[in-house]
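First, one chain by itself in structure tokens, the form predicted on its own.
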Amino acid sequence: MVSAAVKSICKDIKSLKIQGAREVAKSAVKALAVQASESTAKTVESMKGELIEVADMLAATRPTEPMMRNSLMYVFSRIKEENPKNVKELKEIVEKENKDYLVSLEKSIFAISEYGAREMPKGGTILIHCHSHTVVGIMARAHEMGKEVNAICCETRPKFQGRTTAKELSQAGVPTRLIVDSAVKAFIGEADAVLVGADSIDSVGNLINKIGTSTIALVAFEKDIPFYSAAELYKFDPMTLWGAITKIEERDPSEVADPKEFDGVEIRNPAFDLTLAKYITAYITERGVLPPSSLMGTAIGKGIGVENPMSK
């Protein structure tokens, strides 16, 4: 039986109470550990069945989150390698992987923040869309290094995640301005670079990120302004290696407007869009600053997507 605490985590991920690919992945791995801890299963196989059920529930909450899926798959790969002989051993493995995963994430964001801060131009104005803990980490680190960066944040409708970014950057000491999304072209001429996060990256280096990202990338390309995406390698979607198309999640129309007030009007609310690799200057990862063409090979070198998941 799935734990009530796990169901609560799934609900929080789906409602965006837990947001950001990194935080979603952390919460998903934690959910596995919670399920293992609270499970009353008597055999290894029955507990594995519970964990698989939980993983499926988690994956269904946000279809455009390969970092969550990759992280869950990694835990299951470790269970397979360790080959627990009893329920106690299985619980210990899952709990250990949860703790180790948190440590590895901290190391990754530290590395990305360092690489990204070095890439940011001294005294530069950086235009930012949506909210990303990794982006905030880069900007905060650049500020600590004395690079005197400042930010222009799009508020990012319909959930206004950009407002969170603006608050966090201001609290970190970074001079910050907040604009409406439709003002991007009016302000991008003041920007020295664009910096966004990432929800998913496909096999040719295309970026799937918060709706509006592709528009900003096109405007930046037109103005010859560098466009960077900060992304852990776990954002790479291995399913795209085998022909799968990354699904663009469409969310509840009520996030945009109350349908009752617009009788007969179809309200659409896609959560993400796709930015072609040709508009992306580089991805800032835990392995360094990489052009889109190099990201797939680097991700595979880390062990992501080395097996065809469709063959199972």
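Don't overthink the numbering: it's just position in the shown sequence, from 1. From a predicted model like this one, the values you see are computed outputs, not experimental measurements.
The following text describes the form predicted in complex with a small molecule, which does not appear among the structures shown.
Triplet Arg69, Leu233 and Lys302 all within 4.5 Å of the small molecule in the predicted bound form via a heavy atom: Heavy-atom distance to the small molecule in the predicted bound form: none of the three under 4.5 Å.
Look up in the predicted bound form whether His133 has a non-hydrogen atom within 4.5 angstroms of the small molecule, and give yes or no. It does: once the small molecule is placed as it appears in the predicted bound form, His133 has a heavy atom within 4.5 Å of it.
With the partner left out of view, is Met296 within 4.5 angstroms of the small molecule in the predicted bound form by any non-hydrogen atom? No, Met296 stays farther than 4.5 Å from the small molecule in the predicted bound form.
Given that the small molecule is not shown alongside this chain, does Lys210 nevertheless sit within 4.5 Å of it in the predicted bound form, heavy atom to heavy atom? Yes - in the predicted bound form, heavy atoms of Lys210 and the small molecule come within 4.5 Å of each other.
Heavy atom to heavy atom, is Cys10 within 4.5 Å of the small molecule in the predicted bound form? No.
Within 4.5 Å, heavy atoms only, one stretch in 202-210, 74-82, 117-125, 186-194 touches the small molecule in the predicted bound form. Which? In short, 202-210.
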